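Read the single chain below, which is given as structure tokens and is the form predicted on its own.
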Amino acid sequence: MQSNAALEYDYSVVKLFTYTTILFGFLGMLIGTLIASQLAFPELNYLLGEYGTFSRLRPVHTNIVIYGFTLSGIWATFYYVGQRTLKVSIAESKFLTIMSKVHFWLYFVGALIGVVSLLLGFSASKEYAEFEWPIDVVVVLIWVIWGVTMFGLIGIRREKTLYISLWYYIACFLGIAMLYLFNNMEVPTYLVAGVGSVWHSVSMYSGTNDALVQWWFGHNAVAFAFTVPIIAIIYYFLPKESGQAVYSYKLSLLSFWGLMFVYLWAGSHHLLYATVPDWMQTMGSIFSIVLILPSWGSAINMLLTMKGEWNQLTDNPLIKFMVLASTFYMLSTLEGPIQAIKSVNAIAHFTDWIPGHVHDGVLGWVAFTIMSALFHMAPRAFKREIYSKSLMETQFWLQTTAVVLYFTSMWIAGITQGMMWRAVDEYGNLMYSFIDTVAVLRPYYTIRALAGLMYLTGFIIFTYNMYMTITASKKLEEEPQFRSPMA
């Protein structure tokens, strides 16, 4: 083994996952902007025949953003953070080097096949779990390989204490492993009964049981893909970029165990007023409210890390990204529990307020955190300074405006929808037909489409800035300790 003084980290897999993060981010946001535009301008559904309709593109959009952009960002940062916090290079183990490369290439090929299968209409028809059974098998294999590399790296570490970020990465691995396996238990109809396509399968569960398992998975996919690993990312990169220690390590541990124990019980809030037992609906609502405590514990810990150093916000756009990401996290984790209150959910359920809530979390919290992490890693992994600070500033303000436009338009649209659906005249008859609500919402859908276009434009600026950083920016003689150098 090398000595600590001479330790050279291996960033080859970090770079590969960085490229796929950018690629899938662009594709996911491009398709998202298109389908948002289709809601405002329905004629756009007919651009590409059956392959361009909202119903075909919507699962492609969600799966690319979740399993393409977000997972790639998680893995890019894990292979970076893992080596540095464990004080060991992955290159020190030939086995782990090979496994990390297999992890990437199996993932990349599997992701492309998954996207094509959804475009062709192969779907299990379960939210966030649309892939048919052969792709599910590949997903499980990819996940196992990541676990092997993660625990293998931990096994050969020099630093005995596991930094809090690694706790969250481990929770991401274990949580999704359990959730994905149980929710995607399915029966291939051709292999079992000799009917239908070899691709096709049906859920092993039925009726209400299927719904319960699905939303135990669906809600906790948000927990263990959009929350837990993103906290892992910001707990490493905010202190490293700012030069500040995490405000409270005890609070980070308290919030960690709070999230682990509470989040798993909140999924039934997706099934309020459905055919699940009333006690289970109530439990989902209660645990959702309690979830505010560990969520805000993490967010406050991040913000207080900048205590006494708020001046960095004025001249370091990376700090701006991370601080605003933490703020959006606070907003999103307050809004979700509010929507889980039964009386509020009676108005909010099935309305556009729900995607409004999801997107202030995904665009403001997840994407801001991942993009700022990639910016921070670039000078260390590629040994070049960030190409343009002014482009980062432009991207920040453009995307911040886009997120605010997005969720405010969807708040108004969703509450309008909910109130119109419930409105009755003096005889108890519904006052509005469904198409009446659709017509009223068109201006808000137009604003959302504009917000999506603005966010996509900001991501294109990010992509250009990263490309120029990697290929043409000034070379660095030595690695920066804290603040990332930028032109």
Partner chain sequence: MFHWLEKNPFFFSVGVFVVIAFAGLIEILPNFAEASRPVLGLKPYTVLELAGKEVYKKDHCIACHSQLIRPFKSETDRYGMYSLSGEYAYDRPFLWGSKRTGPDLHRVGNYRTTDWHENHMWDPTSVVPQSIMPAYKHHFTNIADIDTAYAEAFTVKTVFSTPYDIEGGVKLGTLDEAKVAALAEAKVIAADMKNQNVKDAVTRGEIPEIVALIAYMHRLK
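This is a predicted model, so every value here is computed, not measured. Numbering follows the first chain given and starts at 1.
The form predicted in complex with the partner chain exists for this protein as well; it is not shown, and the discussion that follows is about that form.
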item	value
Residue (of E393, D315, E309, E127) lying close to the partner chain in the predicted bound form, criterion heavy atoms within 4.5 Å	E127
Listed residue that, although the partner chain is not shown, lies within 4.5 Å of it in the predicted bound form (heavy atoms), from I341, V140, V115, I154	I154
Every residue of A325, F382 and E385 near the partner chain in the predicted bound form, heavy atom within 4.5 Å	no
4.5 angstroms heavy atom contact with the partner chain in the predicted bound form for W296	no
Close approach of T333 to the partner chain in the predicted bound form, 4.5 Å, heavy atom	no
In the predicted bound form, G110 touching the partner chain (heavy atom, 4.5 Å)	no
4.5 angstroms heavy atom contact with the partner chain in the predicted bound form for G147	no
Stretch from 116-124, 67-75, 393-401, 367-375 whose residues place a heavy atom within 4.5 Å of the partner chain in the predicted bound form	116-124
Residues within 4.5 Å of the partner chain in the predicted bound form, restricted to 420-447 and counted by heavy atom	M420, W421, R422, G428, L430, Y432, S433, F434, I435, V438, A439, R442, Y445
